[in-house]
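Only one chain is given next, in structure tokens, and it is the form predicted alone.
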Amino acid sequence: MKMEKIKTTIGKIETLDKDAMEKAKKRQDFLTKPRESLGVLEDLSIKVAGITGNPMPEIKDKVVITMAADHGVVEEGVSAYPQEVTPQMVYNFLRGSAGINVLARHIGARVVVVDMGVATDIDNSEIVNKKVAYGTKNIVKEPAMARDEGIRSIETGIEVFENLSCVGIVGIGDMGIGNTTPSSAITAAITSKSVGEVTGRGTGIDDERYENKVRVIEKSLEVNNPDPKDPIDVLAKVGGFEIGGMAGVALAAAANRIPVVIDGFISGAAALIAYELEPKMKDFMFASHCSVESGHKVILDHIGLEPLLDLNLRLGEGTGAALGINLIDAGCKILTEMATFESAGVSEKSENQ
């Protein structure tokens, strides 16, 4: 399968608008506060200015895209929960009753729920049905998916973003029982870190199950031998449909100069795929937080992103991304709504300085 849509999207990703960033920085320096006294909040607004090309950026039309899919590797006992929980949680999202719904309402964002590969059909008119297949295959025995399915999952994510109207900032989140296992496999394959370094306890598994999980991931890498220089090969051999979908959303957002906010470890794995496809992605992404999952910090260090928060989060769904969007919005409001020394009639320096 050709990668025309992926290539076209990547071709549209440009560099940050330095002129807009300089203007935003200049305004920050003349707001009624000591220079750089709001630290990272100032940096966030300047980066958004560079992404959007607008030196006075406003965060409107907040969207969190939560992508769901199942994983054949759950057969190996890597999760504390059964696969049936994936569709059950999808229905919970659609009812507006999950953690992501609560936090999205809190920040004034809408949640878009996408079926990328749940192992059963979701009977609800609110779902965005983009199912590539009914879950991936067991990566201990064979590749998670065919290469063309990996490409299709990324291109489907691009389409999901392009089909949305009015998006000013996008958070990417996930749902899929067992999906920390493929995320660890992706991270180990691309960063060359040991499986033990990038594997956490996911849904809160005990020691015995954790040791089994590490063995499963090591075996999956041995059986499939993904090429670390080919992110599509890594995705296809040991990844997941929701991971490919989130990577596609991130690429499409960057191509349209829209800020992308990463959630936790699984969306981090998607960001890693997107970054390996196009390194300029780093400038269009924000890391909302650092997950409890050890592999997440490895991903952020590899890309070169600093997390905004460290709250011991490991839920997924886009919950951390929602909190990150809120901070980015705050930073932009400081830039655009705060008075300058001149407009407020405040002396910038004392005569003794």
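So that there is no doubt, residue numbering starts at 1 and follows the sequence shown. Since this is a predicted model, take the numbers as computed values, not measurements.
Quick note: we don't show the form predicted together with another copy of the chain, though the next part is all about it.
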**OP:** Answer yes if any heavy atom of D301 is within 4.5 Å of a heavy atom of another copy of the chain in the model of the complex; otherwise answer no.
**Re:** no
**OP:** Give a yes/no on whether M281 approaches another copy of the chain to within 4.5 Å in the model of the complex, heavy atoms considered.
**Re:** no
Original post:
Is there a heavy atom of K297 no more than 4.5 Å from a heavy atom of another copy of the chain in the model of the complex?
Top reply: no
Original post:
For Q28, is any heavy atom within 4.5 Å of another copy of the chain in the model of the complex, or not?
Top reply: no
**OP:** Decide if the three candidate residues I13, G53 and A146 all line another copy of the chain in the model of the complex, where lining means a heavy atom within 4.5 Å.
**Re:** no
Original post:
Just one of I258, A119, V216, M89 has a heavy atom within 4.5 angstroms of another copy of the chain in the model of the complex, so which one?
Top reply: M89
Original post:
Though another copy of the chain is not shown, can you say which of L305, L313, I46, V63 has a heavy atom within 4.5 Å of it in the model of the complex?
Top reply: L313
Original post:
Which of the residues spanning 31-45 lie within 4.5 Å of another copy of the chain in the model of the complex, based on heavy atoms?
Top reply: T32, K33, P34, R35, E36, S37, L38, G39, V40, L41
